[in-house]
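Just one chain follows, in the form predicted on its own, and it is written as structure tokens.
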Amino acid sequence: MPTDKTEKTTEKKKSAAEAKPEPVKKAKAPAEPKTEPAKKAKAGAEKKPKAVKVKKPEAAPDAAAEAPVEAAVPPVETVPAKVEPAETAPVETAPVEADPVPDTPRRSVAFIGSECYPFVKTGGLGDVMYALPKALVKHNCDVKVILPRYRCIPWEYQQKMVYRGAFGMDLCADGRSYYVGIMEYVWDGVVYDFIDNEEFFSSGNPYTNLVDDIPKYCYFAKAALAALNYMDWIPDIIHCHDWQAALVPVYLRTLFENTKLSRARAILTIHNLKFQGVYNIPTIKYWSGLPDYVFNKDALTVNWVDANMLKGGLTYSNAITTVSPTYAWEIQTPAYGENLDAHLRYHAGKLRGIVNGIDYDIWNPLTDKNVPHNYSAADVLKQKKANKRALQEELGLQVDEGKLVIGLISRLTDQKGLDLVNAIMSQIVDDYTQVVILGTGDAMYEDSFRYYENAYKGTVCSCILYDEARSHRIYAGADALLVPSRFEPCGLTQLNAMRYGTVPIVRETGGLKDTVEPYNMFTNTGNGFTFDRYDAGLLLDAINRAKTLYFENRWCWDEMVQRDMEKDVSWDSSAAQYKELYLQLT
């Protein structure tokens, strides 16, 4: 842990042409008891239908604040260090397109979360933390993203980070203090600030086990707020993501209530309600240093003996969002609420769903360097065949552009509906259908898909690994993509598939229901095939309907492919909705 104190370099960043928002009223936990004046802020811590067998047809023709605030950051002895001033240090920037600035008031937003592409990514959260801030810049927002500085972040980014300062921060209930360093990186108009602490972030992976992750993210939530104070950057909105940042709204309304940060409004986005940060009360009370009154049944306490970090954040935030409207409704029901459905129904007035998008700079078949044959909606029918042949050759499948290739790109877990796929795999595969699987996860599914590859040589390929480049080639070369999830907050694979002209076959849940319109054979409309109840027979029926259309009414299939590619699944619409929410709150 570093002991030298460095010269503080504090930059004041103010929003352009924007008046300060009115100070927000102090939020209280439900049934909050009267407390002593705020203490010094402790900175830091069924029956299965028969498979359809169809005759293979002839190929169809190609158709701002006080910094540092004494209450949040205790003074530390300083020793000058040889550090390049932040003003002159090189930072990596990429040219930003000169899009017209929307005629809406400017807002400053601090994103706080545990992962962000390309620095560290384990799932969809990393994509959102990267793409949404970049889209918000085009909607007249100043955006700062605050992340842990994990050791696993590639050196190509680590070496370009700029030192912004350091301070000591008391975290625990007994006053135990920890070092907080701030390293900065600027890219695509977004400022990324990394919280540096070797004791908490030196492990190889961002998530290890709950015993270690609870102290780590107590520290991170508090350090993120203390760093904003230290840098004198007071945002209008503090946008937190998932349980790892859920204590931020709690800190904001308690230990930081007498700082300028208290005027900021807090939003908490639920990406997956299954993960909540639940541990025994004494442990979380010690590591967080939070006052006793927040550990009540209306805030952090669950099951009388445990504390739930996500539940606390839901209580103290000004707004709650999920990553699709349907998921926002589903989590208020016992079937999907993960024991928080009653709590979410109580806070339904501040809950809304905004569907995710995808980054068109990354997911663009016309410019994608990972795709052998680039294409657009104008020539997709021709180039899709070329990409299919290339994919079949790469994966050792029988090369035949007339076969229907079904892709499955997923974490191999129960949530993704793989038990349904296992139950009907032998009925999916026939002389005219190939299946490609890409992903890692539970050993049971990894082994079963390896078995299918061995049993159906040249027809099934199971790639039990994570390969981002290969996923792009599967999107480009497959005809359909399977997403039969048990539950899916939003889902990005179906959006990527549509962007690449690959027809999604999905279960009607969460964001899958919001983004995939079921095909209507009478009006020739829709952009995919869907099934409702979680049932293997219904999944097989949806796949067979897709096969029938592909082989018997190819021109209808081709029109759907082109509709999918023309559908707007970018972040622009979603970013506009978030901007509207920011304006409403401020």
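One-based numbering along the sequence shown. Computed from a predicted model, the values in this text were never measured in an experiment.
From this point on, the text means the form predicted together with a small molecule, which you will not see here.
Residue-level contacts in the predicted complex: of A135, I234, C490, V294, one residue has a heavy atom within 4.5 Å of the small molecule, and it is C490.
The contact residue chosen from A166, A264, V323, V503 relative to the small molecule in the predicted complex is V323, the criterion being a non-hydrogen atom within 4.5 angstroms. Note that among 135-143, 250-258, 117-125, 185-193, the stretch whose heavy atoms approach the small molecule to within 4.5 Å in the predicted complex is 117-125. Highlighted residues N387, Q434 and R499: none comes within 4.5 Å of the small molecule in the predicted complex, counting any heavy atom. A residue is said to contact a partner when one of its heavy atoms sits within 4.5 Å of a partner heavy atom; N272 meets this definition for the small molecule in the predicted complex.
Mapping the unseen interface onto this chain, T515 falls outside it, with no heavy atom inside 4.5 Å of the small molecule in the predicted complex. Taking non-hydrogen atoms only, N356 approaches the small molecule to within 4.5 angstroms in the predicted complex. Not displayed here, the small molecule is kept clear of N339 by more than 4.5 Å at the level of heavy atoms in the predicted complex.
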